[in-house]
Ligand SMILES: Cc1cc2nc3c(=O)[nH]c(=O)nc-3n(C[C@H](O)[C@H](O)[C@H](O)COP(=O)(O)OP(=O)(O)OC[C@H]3O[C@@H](n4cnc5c(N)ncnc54)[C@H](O)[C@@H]3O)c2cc1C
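Have a look below at one chain only, the form predicted on its own, in structure tokens format.
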Amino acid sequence: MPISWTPTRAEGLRRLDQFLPHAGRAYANRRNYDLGPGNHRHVSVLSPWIRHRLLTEEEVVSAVLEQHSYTSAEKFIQEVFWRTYWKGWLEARPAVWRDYTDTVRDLSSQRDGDLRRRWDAATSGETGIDCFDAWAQELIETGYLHNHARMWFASIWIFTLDLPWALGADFFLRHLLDGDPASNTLSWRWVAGLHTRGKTYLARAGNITKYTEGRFDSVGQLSGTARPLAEAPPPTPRPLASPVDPDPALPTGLLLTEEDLDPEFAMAGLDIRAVAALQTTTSRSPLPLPPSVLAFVQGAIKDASGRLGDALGLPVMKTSDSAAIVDWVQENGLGQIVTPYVPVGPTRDMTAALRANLRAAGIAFVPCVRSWDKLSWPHATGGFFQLRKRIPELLSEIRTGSLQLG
């Protein structure tokens, strides 16, 4: 059955309801099997909705735990927390994101004949490696890849095709409907041996044959070694920013971004006078994004704006120009802007000038951090195990209500 990519909260909830019976043992036993486009029935395929928080991590996990014990659903819950881990790790090391974007910009502007030829062959699915080419085409045509296929693809890109990892990460970030700056960048670094220093991921023909149930036979086509790439160690994690509370006495503008389209947690007790939505999708890469990705994000923003506008009785000003936000603030006589926290990535980069301009005009820009992130990110600065061992404690707090969820 083809996957529906309708970018609405209603569709995300429908997909979640459909997946819930399979989130326990069935997921744990079959989650690694990639059966091809339209057959990803052993995984949730919720990532495009969670990526933009049309669905939130906490509501997905809570729904799973209503039907399954923690023990039976542990593998799925850990996958949800991997997203949280990547976000927290990068939040403490923004220089890793800057280095990546600088590298992509430099490499994509080069006209090296051999690199361009091999890069074009990889991104068009014309390398002659059947599994790799099929995944490249699936990504281009559907905007999605099974997680196991993403690991195999990245490994082949780096260790068999000998292409720069940053260009592969950029290919994913441009084409994935769930393209996430932290998850994508750091997953590619992990495969390359740059995240967990010296530990790489090697795609093996036998493993691919087994977990695609014989769809591909790549014996003799793949590198048999995966030497870690050389790079300076990542910087020491910086302290996470201390959250600032908005002033309930000020006339407030609510700013939506594609990073978090469920802003109700940030609105409590505030005098919301106006709402704006800023789409920043094109800033993911110096290269063009496919229309399908732009349309998905635009549709997600439209859906969230419609629900929010109806609830508040306010129109939502939609723009892709951050400079228009300053005019919107002045036109509505706003004293502060409140927005769900924008983590490290292209949206943060694109709004840097906006934040500076608002400060210069005496307008506070207040990012509101979800309790989920606030609690988890301090444990995401090392390896995943540091956060993973705290998952039961976190979930216990959620279920007993001692954690006030955002």
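Nothing here was measured: the structure is a model prediction, and the numbers come from that model. Start at 1 and count along the sequence shown; that's the residue number.
Not on display, but discussed next: the form predicted in complex with this ligand.
Participant: Work out which of the listed stretches, 358 to 366, 375 to 383, 44 to 52, 342 to 350, brings a heavy atom within 4.5 angstroms of this ligand in the predicted bound form.
Facilitator: It is 44 to 52 that comes within 4.5 Å of the partner.
Participant: Are T280, I301 and D303 jointly within 4.5 Å of this ligand in the predicted bound form, each by at least one heavy atom?
Facilitator: Judged in the predicted bound form, none of T280, I301 and D303 sits within 4.5 Å of this ligand.
Participant: Since exactly one of L90, V275, A192, L176 fits, which has a heavy atom within 4.5 Å of this ligand in the predicted bound form?
Facilitator: Selected option: L176.
Participant: Considering M151, L308, V104, V96, which brings a non-hydrogen atom within 4.5 Å of this ligand in the predicted bound form?
Facilitator: It is M151 that has a heavy atom within 4.5 Å of the partner.
Participant: When the contact criterion is heavy atoms within 4.5 Å, does V80 count as touching this ligand in the predicted bound form?
Facilitator: Within the cut-off, so yes.
Participant: Given that this ligand is not shown alongside this chain, does W86 nevertheless sit within 4.5 Å of it in the predicted bound form, heavy atom to heavy atom?
Facilitator: W86 belongs to the contact set for this ligand.
Participant: At the 4.5 Å heavy atom threshold, is D180 in contact with this ligand in the predicted bound form?
Facilitator: Taking the distances in the predicted bound form, the answer for D180 is yes, it comes within 4.5 Å of this ligand.
Participant: Examine V316 and determine whether its closest non-hydrogen atom to this ligand in the predicted bound form is within 4.5 angstroms.
Facilitator: V316: no, not in contact with this ligand in the predicted bound form.
Participant: Would you mind checking 187 to 208 for residues with a heavy atom within 4.5 Å of this ligand in the predicted bound form?
Facilitator: The stretch 187 to 208, when checked against this ligand in the predicted bound form, contributes S187, W188 at the 4.5 Å heavy-atom cut-off.
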